[in-house]
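Read the single chain below, which is given as structure tokens and is the form predicted alone.
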Amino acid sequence: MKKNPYSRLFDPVQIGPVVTKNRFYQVPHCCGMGHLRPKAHAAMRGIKAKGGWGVVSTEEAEIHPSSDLAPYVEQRIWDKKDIPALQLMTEAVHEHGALAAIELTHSGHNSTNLFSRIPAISPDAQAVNFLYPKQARRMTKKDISEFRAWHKKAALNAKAAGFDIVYVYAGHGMSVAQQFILPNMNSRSDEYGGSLENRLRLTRELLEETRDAIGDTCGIAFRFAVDELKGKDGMQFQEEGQAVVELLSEHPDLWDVNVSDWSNDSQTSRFQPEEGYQMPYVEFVKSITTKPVVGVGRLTSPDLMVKLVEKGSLDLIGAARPSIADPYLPSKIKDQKTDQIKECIGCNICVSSDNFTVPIRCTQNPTMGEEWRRGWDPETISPKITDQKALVVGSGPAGLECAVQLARRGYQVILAESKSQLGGRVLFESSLKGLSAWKRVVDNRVHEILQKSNIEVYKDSKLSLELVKELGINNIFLATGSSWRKDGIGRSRRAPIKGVDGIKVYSPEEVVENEKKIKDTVVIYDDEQGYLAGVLADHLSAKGIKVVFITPASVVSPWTDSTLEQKRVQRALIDSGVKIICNQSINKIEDETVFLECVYTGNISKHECKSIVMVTERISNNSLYENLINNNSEVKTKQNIKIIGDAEAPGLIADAVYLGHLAAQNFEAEEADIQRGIFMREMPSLK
């Protein structure tokens, strides 16, 4: 094998008393498992260690009941009772030679304490950082002393649980330490307020006390947001951000640096397409400290990783989302199989899972979150049971994933696509403004298909019942997708809009196909309230088309709040001149006029409209499935017919990929095994 051009990425790095085996560092990230699902959490982190990450971190771990983040499910290290659950994670990580890290957290006024019902605490008395009519109380000197004791106790418990690296956390606006540092959150006049040195006092104490308690065996990491991206209204890396690094330069064993808040640190590719986008803010840190530095920025390119190390920007390549999309990223780079990397597409479906307090999932990696419950691994799958052929109809996200995994198992697969290109809905959506990275979902899978000898691909092949019969294959997976309806049925109404036939109505695909011909203002009616209508409005506006955006929702694309994008979405439409009309459903259409009904009062208003794009609901393309099912009941040899993805139930691209993977995993499996995977649950001990 030729010399690995990425060998620098596999140098060991000293972090205080511990040493990493390489430069790949999975930084702390939430996963929706936390203290409620410790076995699932351990299995997920263990897969990353198996995939070659040198350091694998937990998400934030609450150090005390006064930092209760319920209903969000994070880690807890309130007392010694939490140690056994956390040990599951450290043991799973150590099994593969990686270091385990934990991010100790007290969230201050970022905690609502809805479970513990303890009043929240903060440097100043102020509203809690959630839409809840409750305030945090100002911390007294006694509170500060107690907080330091809680942190020290949590550090000792972390050491007992087997962690190699323990964090002091001052980032994302989610920690007491950062809240003391930031002047807009700390107006105190005592020794913990005022000057930067005073505001930094608590953080310095935490670093020193943590080192004194566990620094003989554990590396002490400091996660710090050097810039809030608020300009003069917040911390800036050129000013106080740099000053903090200078004042604490040698205190931690590791600097984990990023930007704040979470929506800035985890920007989607739609609004921040550049890989390594945080480097301009964080690369200065290496010039100030002798300690190793880890940084992030949706890094997936090994060439860029090597460049950052050789340039002296970073010592360790940090990743959250790229480690989710491909837990085996380090191993693939080591084995010089970089073409097999599943690159993060920056969609933040992983983030939405945490916001919905469910186990993490990923568009690129459908095994994410299923490591314990179903025993899934992104790189291995059980071999075929018998010598059978499978027919997959449709090459959208579900069909591609199903075909790839069936072929990985060793089955002979025929993949039939009615169009000239593979990709289905992903081809359309990735052609829209800001979503080009989403095409990686197709590119990664098509690349693998082209390498396999047991997949035959037929394009421009629309299959009918008769053609399927001619093929004579009994195992049929139908991934025929879905189509946007144009009658107005959606979340707000279950009957067609009266008069919709008297106006030009486009589906999302049709309006993009005809964008060069459109001269008049277009109305986009969003009664799906997901992401697509907002993307379309931005896309068409960028093409010079005047757009009016109408929705029954109170804001544009409300679902995107879960992916940390909603404010950016609405700001983009405002900046581009899109007229936004919220809280209005379409009652009827007459004479190129839409009659809008206020969702609160029922009052009617009018708006001129010559053409409208309906983004309301989709209809599954299941006619072939219905024909096959009906035919199957009439023949002696029963066929195994499975409908998957949007053809079964329209959803996110991530849902379609997952359902395609599930179908391939379950093919020829015993029903008992299938049910066991679905209903394998973690139950709390009653001792």
Ligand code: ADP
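If you're wondering where the values come from, they're calculated on a predicted model, not measured in any experiment. Each residue number is its position in the shown sequence, starting from 1.
Below, we refer to the form predicted in complex with this ligand, which is not included among the displayed structures.
With a 4.5 Å cutoff on heavy atoms, C31 does not count as touching this ligand in the predicted complex; it lies far away. This ligand in the predicted complex comes within 4.5 Å of no heavy atom belonging to Q529. In the predicted complex, this ligand lies farther than 4.5 Å from every heavy atom of L628. Contact annotation for L624: at least one heavy atom lies within 4.5 Å of this ligand in the predicted complex.
The partner is absent here; in the predicted complex, the one residue of R425, K291, H109, R445 having a heavy atom within 4.5 Å of this ligand is R425. G396 is the sole member of G396, P327, G534, G295 with a non-hydrogen atom lying within 4.5 angstroms of this ligand in the predicted complex. Not one of K80, N157 and V166 comes within 4.5 Å of this ligand in the predicted complex, counting any heavy atom. Heavy atoms within 4.5 Å of this ligand in the predicted complex map, among the stretches 95-103, 459-467, 580-588, 81-89, onto 459-467 alone. Scanning 467-493 for heavy atoms within 4.5 Å of this ligand in the predicted complex gives A479, T480, G481, S482 in sequence order.
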